[in-house]
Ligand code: PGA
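Encoded as structure tokens, the following chain is the form predicted on its own, with no partner shown.
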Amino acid sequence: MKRQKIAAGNWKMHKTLLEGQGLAQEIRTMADSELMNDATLMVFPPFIHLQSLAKQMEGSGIIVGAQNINQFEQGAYTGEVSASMLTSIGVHHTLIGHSERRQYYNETNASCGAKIQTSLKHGITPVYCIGETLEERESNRHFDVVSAQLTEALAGLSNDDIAKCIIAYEPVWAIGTGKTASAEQANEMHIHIRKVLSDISSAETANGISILYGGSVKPDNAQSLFSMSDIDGALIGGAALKARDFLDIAKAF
């Protein structure tokens, strides 16, 4: 099964609405004229941008997704956004479990699992983020940590539901630090992730899931990463805030 090639931009807490609309238009214009491969582009802007950008990107093939989602259907959860709110404005993708959410907002594998289940129930594709800290890698626990992040969050899902997920491997020590795992290091973990997915679902399901690498991905290292056997794309941070860099990464497939 041919896996989807994806260049996904996580804008984090950057860009006013006007700035975001401008960046989105630059990306759309460049993609229309330059992108000749079969890569899928995704952008994950702040919540206040979503309705505007979802409409702005209609017909472009560029997917607009949320950076987070709440696991509950509705209720007294001040400051949160539900799955039905997202689908009501045409948003059908969301990041879940980014390391910054885990670090600053105490998200756990279990809470991420609840968000994944809610997303799937509403037809929203979860981009589930996993990855180890520097201390975990240096103590040789990185494979165990990533295995637990997968098995605990995806527990109880059917093969069909697991097949609807996208996985993003982001070693925490490489996010926003300028450090990047070597292509070989990244691919080694992607192979491990696919093995874990195979164990909890099936080899066929695992082989169809796109696994993205995130962690200081730039135009000058994208091609070496994408040449690896099990790296299907990138979840891009800083470089996604510049249309030129984002498109150059997407063109590296």
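Don't overthink the numbering: it's just position in the shown sequence, from 1. Since we're looking at a predicted model, the values are computed, not measured.
What comes next is about the form predicted together with 2-phosphoglycolic acid, which does not appear here.
- With the partner removed from view, the residue among Glu107, Glu100, Glu136, Asp161 that has a non-hydrogen atom within 4.5 Å of 2-phosphoglycolic acid in the predicted bound form turns out to be Glu100.
- This chain lacks the partner; the member of Ser224, Ser216, Asn68, Ser60 within 4.5 angstroms of 2-phosphoglycolic acid in the predicted bound form by a non-hydrogen atom is Ser216.
- Heavy atoms within 4.5 Å of 2-phosphoglycolic acid in the predicted bound form are found in exactly one of 71-79, 168-176, 149-157, 116-124, that being 168-176.
- Taking the partner from elsewhere, Lys12 is found to have a heavy atom lying within 4.5 Å of 2-phosphoglycolic acid in the predicted bound form.
- Within this chain, Gly237 lines the site of 2-phosphoglycolic acid in the predicted bound form, having a heavy atom no more than 4.5 Å away.
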